[in-house]
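Structure 1 and structure 2 below are two forms of the same protein chain, each written out on its own as structure tokens.
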Structure 1
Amino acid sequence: MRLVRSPSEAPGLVARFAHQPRAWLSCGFLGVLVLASILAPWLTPYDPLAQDLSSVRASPGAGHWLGTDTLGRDVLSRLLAGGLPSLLGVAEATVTAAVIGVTAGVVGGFLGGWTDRAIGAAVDLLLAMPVVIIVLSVLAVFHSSMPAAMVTFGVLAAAGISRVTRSATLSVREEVYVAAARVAGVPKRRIILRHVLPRVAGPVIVQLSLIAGGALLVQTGLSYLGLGAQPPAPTWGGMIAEAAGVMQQSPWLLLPSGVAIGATILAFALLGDAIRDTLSDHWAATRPGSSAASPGGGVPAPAAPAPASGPTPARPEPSRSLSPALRIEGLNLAAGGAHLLRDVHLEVLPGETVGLVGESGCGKTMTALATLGVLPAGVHLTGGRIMMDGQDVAGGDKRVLGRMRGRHMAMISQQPMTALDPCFRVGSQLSEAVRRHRGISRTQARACVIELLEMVRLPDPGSVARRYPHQLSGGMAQRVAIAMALAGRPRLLIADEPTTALDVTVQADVLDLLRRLQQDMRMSILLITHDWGVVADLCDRAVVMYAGEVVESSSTEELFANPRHPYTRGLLAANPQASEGRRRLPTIPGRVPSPDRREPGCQFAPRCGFADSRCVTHAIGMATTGPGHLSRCVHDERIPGPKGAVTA
């Protein structure tokens, strides 16, 4: 079995970190700064306290690289000498915040209960405290001791760290693998160390880098105010205060210390971001769907689809008199080097329900999104036409497509609970749709909203209109989503897995509703599904897709009775419902190839029992195997007919 190819097989954490310019930039800067600060007594060209009244406020030059201040002291020397106390202060604050904050956050988040509540109360208290005033008081008490002030700052900042850690811990705690570890009998302490801490590191490090910057800001601010180390000791903040006094004569003096502070804080922030990105890259899990849109990266683009050749090359014959509600011709989609869709043909006649069937990653949803003109970023059309109302909406004017959406075609999606704006009442959202599509007043729209909600058979439409989406059940939300799609009286409804997220009894109701609406409104439906039962229930015709290609299309009855493509046959047989009373289910070995690994010939050949040399050399075209029945397979004569079927 082949493993998923992934970039992680090459570089480790460190290499990945070092790969980012900002990582080595910030590390380099901070490294030089730390070294220079530690070695300052030996590095400084002049004594930072030595006054030279003969050359006050000298401009930068050969003798004094950064010039001299109002007492003739060398600016560079003072800057270097002020570095160590600044960095030590930052370290004190950051370490304090990290130790207290992370401990409190992890313990509270993981244990929950009263521990969590007590820590939460303390955090609330700390967060509402006037930080600078408290720090000022501490400075007053401890003889202007900057370490004391910085540790106090760290304690106060720990509240923020604790919050971030706690919320990260809470989300990790809900992960299935933590439950799995508990089931495996791993003790709590070790679960925290092994499973929780590494995962919360990212957000905590970012927050710590901000606190380091904040500590430096507060510290230099306090020195600027003359609190903390007293003159003539060099501090970065004190240097700004000295420069402020002679701002009119030499504004230049503001720059060295200001830039030093800014650059250091910048380096902290960049380092934090770089570490976070390294960690999250390293651990990101690829879910299906997310990979479909991501470019294949570094894979040579497959050759353009060769002209179709097969036993009887054929196109779906538009023998029917009515103009189709949707006609997709030779649609190609690509993302980076990956071919997501190849030469897709599809036709939906008025009043017809067409099922688009296949497993995830086969291009069903991409076909729908392309039709609606709402492709994700990075995915683009590389060929073909999408005809609607006699106009090509794919290549043409974006405004044409904009006018089509909602009025000519509409969509309902898989997750009813997330398909509605959670911030607005159902009525308000429906009213907006109705007003936009029908150009009517707000008051007229209200009646239309009630009418729409009645149409989707929701009891008590008035009360439903006043509700927010979170007050609806899944089934109700899907009905509202359908009502919204119907607001512009579309000719074509694109339904992307409309019942997959619903319970089976609710699914039956929604399918009934769709069937009734379609009959009443003479609407066409393009139904995307992976459920053969749903296809059998609702569809007139079915189109099977595999790896970005249409592999078979026919009437539903014909498809179930006499599937011609080996993939269709395998998929039908794998359905646990169809294989009653058998211990083992027939399976298709392997899995759907990723979009950047498309074969030159038949995409299904590597998993197919019929495959031979003919399948892999050149592109296979759709061939007619019966009236209205097309299949993309060169082995049609070897595939048994309706009776005595054999699994592929």
Structure 2
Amino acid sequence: MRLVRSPSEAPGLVARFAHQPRAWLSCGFLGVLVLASILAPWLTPYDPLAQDLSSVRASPGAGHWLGTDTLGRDVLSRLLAGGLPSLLGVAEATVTAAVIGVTAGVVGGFLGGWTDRAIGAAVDLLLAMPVVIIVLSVLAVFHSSMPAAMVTFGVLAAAGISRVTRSATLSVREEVYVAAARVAGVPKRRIILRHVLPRVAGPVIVQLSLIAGGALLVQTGLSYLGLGAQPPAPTWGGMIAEAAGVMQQSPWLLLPSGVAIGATILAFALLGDAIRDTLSDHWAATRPGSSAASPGGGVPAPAAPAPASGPTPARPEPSRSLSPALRIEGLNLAAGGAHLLRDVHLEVLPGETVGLVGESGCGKTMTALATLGVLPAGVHLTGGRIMMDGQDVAGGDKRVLGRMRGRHMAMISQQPMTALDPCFRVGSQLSEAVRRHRGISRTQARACVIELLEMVRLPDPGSVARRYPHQLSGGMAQRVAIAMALAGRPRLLIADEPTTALDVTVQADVLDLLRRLQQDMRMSILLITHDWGVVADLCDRAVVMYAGEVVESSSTEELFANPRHPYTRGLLAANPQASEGRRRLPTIPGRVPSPDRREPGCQFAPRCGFADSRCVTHAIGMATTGPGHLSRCVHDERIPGPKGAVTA
């Protein structure tokens, strides 16, 4: 027996919504109510304004199903006729609150900065206003206009919606898939509409359902006070006011309008909860038994693609006659009083693969994020340039940088599952990137999606395109992330430890895939990694970072054969792949200094056996130690051959 449905068999949003009793009960009631209110002129058995003084306060019966009021008017007819004005007022208030509140909350939460502060100040002002007094003042100014009162109520209620939406947006904007969409070149407005709004819809819908009920109560209260539509026009609030005057003689008259109001408010609340729960189930990142790799599942993990026959393709020679695909000059980043990056120089030539190596926290990923212009909050540029196609993307126009993302440069992360939006199928996300960068139709984009999935050697690309991210294995998700990065045919691909979360077999496949894609597309790759084996296998040059600084740079062969910085030598000696059967690997003593405690001299000096007074008194620059070989060390001539480790 199959335990898991395939993607094509999984129930959709409508099916999951309809399976909830409260959903179809609330929708059924509200649907009948709206339809009856619209068709009231044709459904009412009597004119709602017609009086029959011979049949005053009649009990329910065959002639009058809900009885008559104090003037002999049919209660059922007046109840149906008063439904449409009441529902229109609810709609006016709810739509106003949704448009203003959701827009303000999403924009403020997503953009932050002065925009968020300005919107927050306006929201605080609205929250401080007395709702009842403001609404009564509007009714006095606009001659008891109920639409004006409901719009005013919606504006005031928008403040609460804005707070809820902003809070949810602050959480969603930190998701990796939102950063991935920015890196892919997706405009902010589209990220908000497609990737942020769906994830904040649940709590917002619940709040809107409460506002709808509140609007109906406010409207009823105003009508009860004789404001808004004037008698003899039928309104639910007016019917309650008339029944309250004769409650001792005819208590029944309170029931029809009271039950209608109470049931409508309850239906709004149940509908909001049902929609919220449906969206939560649909967008859950994982579901029991739904993994593509689950034993016995209906979506089995596809077999790994067979390795290509023939020898491994040779690396394309980097073109040194053209301008660099990326040039970083003197990059400095800071966060508060901490110096994250200092004087970082880096160059990637067209068709070249450069490996960026170093311990965790040395600044590799921060360098990549600075290149893409997606630095975390609180981190800012304090100096340097990042040149691409002759433009400084670090200090240039943000719109230019936005256009370059995805087309000129793209990125794949070490955790592809978090870089994919769980709300949408794989094909939908790839199509978004393709249409953004190539300006083609939906039909053409679908064909390009299949082509991209075939390019990254995924079996049955049509089936993969119909799956959600949680239905992919880790290797498949990484290939999808690579396909998304290639959607805009970038000149530079930044790969941030693309094989870290994968097993050894899949790692080899992904590295082989990157090598072949580079050969086919002639693109440059900046590869961030801890693995010296990956550097040796894939990279033309290697750049070593330590404590936010580049400490050595050279060709890969030269770096392995003749490391000229003690830190590089220590890393190479601690490489398990080069242990040559030794029981215990040598280690580098000490710890990396924290960013807020870095000294002006050599950052590696406290851990280096060659350190002396020259290493700690002044900053040390990069020096040429050979053709194309740079090192940030004053003792490079004292460093022994490639064997052994540097110890204190």
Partner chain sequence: MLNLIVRRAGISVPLLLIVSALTFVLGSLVPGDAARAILGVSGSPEQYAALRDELHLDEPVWDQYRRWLTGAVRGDLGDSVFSGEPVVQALNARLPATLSLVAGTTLVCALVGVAFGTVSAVRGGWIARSLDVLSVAGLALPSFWLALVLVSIFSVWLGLLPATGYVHAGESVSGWLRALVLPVVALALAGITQVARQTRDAMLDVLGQDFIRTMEANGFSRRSIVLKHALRNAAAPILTVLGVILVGALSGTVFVENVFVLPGLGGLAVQATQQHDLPVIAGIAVYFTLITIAVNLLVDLAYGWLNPKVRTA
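Here, rigid core means the biggest group of C-alpha atoms that superpose within 1.5 Å across both forms. Being a predicted model, the structure only gives us computed values, none of them experimental. Structure 1's sequence is the ruler for residue numbers, which start at 1.
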| query | finding |
| --- | --- |
| Chain form predicted in complex with the partner chain: structure number out of two | 1 |
| Threshold 2 Å Cα movement between structure 1 and structure 2 for residue 57, core superposed | yes |
| After fitting the core, residue 508 CA displacement of 2 Å or more between structure 1 and structure 2 | no |
| Core superposition between structure 1 and structure 2, C-alpha change of residue 546 at least 2 Å | no |
